[in-house]
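First, one chain by itself: the form predicted on its own, in structure tokens.
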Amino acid sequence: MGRLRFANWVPVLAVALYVTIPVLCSIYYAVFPGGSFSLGAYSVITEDASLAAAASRTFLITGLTIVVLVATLVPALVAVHLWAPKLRPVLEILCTLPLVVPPIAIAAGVVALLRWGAQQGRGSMASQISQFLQNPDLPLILVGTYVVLCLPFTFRSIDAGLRTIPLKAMVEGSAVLGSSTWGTIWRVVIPNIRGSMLFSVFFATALCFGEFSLAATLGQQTVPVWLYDVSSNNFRASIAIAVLLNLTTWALLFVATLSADRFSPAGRAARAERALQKSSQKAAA
């Protein structure tokens, strides 16, 4: 019996070692130069102004990506669940298409489109739109492509959240009480799918923090592109910042997993049941 239980843990231990050993080696390389502990590699955070610019640009792109994702996908999914359930498979196919298209292929298509706009002549609307989307201070073209990359996982998460609640009854009850459709989505629907939305937000954050191929192909310096550039002359600093980014991503995914369970209807029901049991036991005592 003991051997069987240990065998069950072997795959878990193998995956844990596979994931943690490279990270531990990176941490050792970053903070133990020459065998002695030092945080000198992290001095680049205060000394290199280009890192701050890349970080602020990455945060801005991440925030806009999350806002666009939530503002478009939540109302669309609510509408499909309520009034057009037959269109749900169509929306699912459209949202999961990025899974079968490599990011570099998306980047090649976007580059070709932007190049076509630039070739329409100086002052033309297509040329101005192309320049506006590639503004180095706020590259909206990255926001659009990151929204596309996040669609499959955001759709799955929010769709699963809507399936676990009595959406139609909630909307009808809210309408009877005089609330508008947008008011119902804001005050009733979103609070009931907070777990799914938080998971989507954290996953989109992790993806935006780690995406490299699209940003590099489009010539936009986000943090991953900065890491690649600085690795040629300060490799230890690039590893140190990469470790920091990796740990931040892990922490976000860990919080997302806990949040999805805590705010899910099943989680709330379990907590309510435990609270009821405790109050019953106190009353009986």
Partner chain sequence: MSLPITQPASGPRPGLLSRARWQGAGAALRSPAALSLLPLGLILALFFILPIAGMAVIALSVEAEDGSTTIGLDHFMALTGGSHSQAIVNSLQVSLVGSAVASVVGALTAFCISHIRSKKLDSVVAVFSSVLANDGGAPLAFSFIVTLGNAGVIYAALNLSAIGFSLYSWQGLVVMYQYFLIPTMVMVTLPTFMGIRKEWREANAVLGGSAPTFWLRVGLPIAAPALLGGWILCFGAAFATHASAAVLIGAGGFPLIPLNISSLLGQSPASQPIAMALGITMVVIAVVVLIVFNRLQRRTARWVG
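Given the structure is predicted, the values throughout are model-derived calculations rather than measurements. Residue numbers count along the first chain shown, from 1.
Absent from the display: the form predicted together with its partner chain. The rest refers to it.
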property	result
Output flag, 21, 29 and 99 jointly within 4.5 Å of its partner chain in the predicted complex, heavy atom basis	yes
Partner-proximal stretch of 120-128, 144-152, 190-198, 167-175 relative to its partner chain in the predicted complex, 4.5 angstroms, heavy atom	144-152
4.5 Å heavy atom contact, residue 12 to its partner chain in the predicted complex	yes
4.5 Å heavy atom contact, residue 8 to its partner chain in the predicted complex	yes
Proximity of residue 203 to its partner chain in the predicted complex, heavy atoms at 4.5 Å	yes
Its partner chain contact in the predicted complex: residue 89, any heavy atom under 4.5 Å	yes
The unique member of 60, 52, 258, 67 whose heavy atoms fall within 4.5 Å of its partner chain in the predicted complex	258
Residues of stretch 242-259 in contact with its partner chain in the predicted complex (4.5 Å, non-hydrogen atom)	242, 245, 246, 250, 253, 254, 257, 258
